[in-house]
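In structure tokens, the next block holds one chain alone, the form predicted alone.
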């Protein structure tokens, strides 16, 4: 075979490998998002790197001032512009963890974890349920389909609103699922307008948990149930252990968190705003399977995806800054895994609350 033929053959093979990596292997576990579709939300291509630097600078600084707290919602919005497409590409439409279930897929375990909400808040046909921090709507679709309720989701990120609405239409659930853009610290919904509410790993973004719990309390009907899966440090966390501190700070930096709360603080906050606490427990404890297994199994996928985003950035198919965002998420995954293995962190501290019936005017 002469040189020209060899070069032609090599070019064809290279093109085939590139096609396989990006268009075939680059698909998300849930159809609808591919590596070539990484848009970084509503951020224009030329601003991605700058927005990432602003985000990283903000979350590396202490955020214990009123001014910093007021800026958190805007940076959470920036965070989800940066990561939503990457999450969908590599994780699917449900941006949360779930206990692993023997002989069941990650997708099945996720659905089981979401559908648990239906039973906890007693959602049923005719009910209007609030999803506080709905993301692109994976949980809301599972909960609406399982319960027959109408689910209204709120997210601060406009790009996620458009993604969620698109997914709702494709799933044939746009009549049962509504999505609005807004800050869950200042919701536009009327008082006593929901039969039930839930949040799945979302209220961790609130600078003050009592602010979002108070808003949920306000919009719930008397007797309505609210369940939340909270990100918290556990009783095993030691503030005087540098390794523990680095793990928790790594989770906070990489997930747009103004500061993780302690597990034993959650019920007190709920009672402070008026809720009755019905039950509280850590859903990550045995017999539940490790929730971080999925992160450890994803390390090979990370290498593949890192190659993909690097090549796409080089070919200008993806904006500058995507590689840095992807690296940030990988480092965060290591901190999350360490938090799970050491037991100092859980993303699924469950608290079920009820708005008292005798406080209809509250």
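Numbering follows the first chain given and starts at 1. Quantities reported herein were computed from a predicted structural model and do not represent experimental measurements.
The discussion below concerns the form predicted in complex with a small molecule, not included here.
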property	result
Segment assignment from 119-127, 261-269, 181-189, 277-285: heavy atom within 4.5 Å of the small molecule in the model of the complex	181-189
Listed residue (98, 228, 247, 160) with a non-hydrogen atom within 4.5 angstroms of the small molecule in the model of the complex	160
Among the candidates 164, 144, 220, 76, the residue which, in the model of the complex, approaches the small molecule to within 4.5 Å (heavy atoms)	76
Any non-hydrogen atom of residue 111 within 4.5 angstroms of the small molecule in the model of the complex	no
Distance check, residue 205 to the small molecule in the model of the complex, heavy atom within 4.5 Å	yes
Contact label in the model of the complex: residue 201 to the small molecule, heavy atom within 4.5 Å	yes
Any non-hydrogen atom of residue 151 within 4.5 angstroms of the small molecule in the model of the complex	no
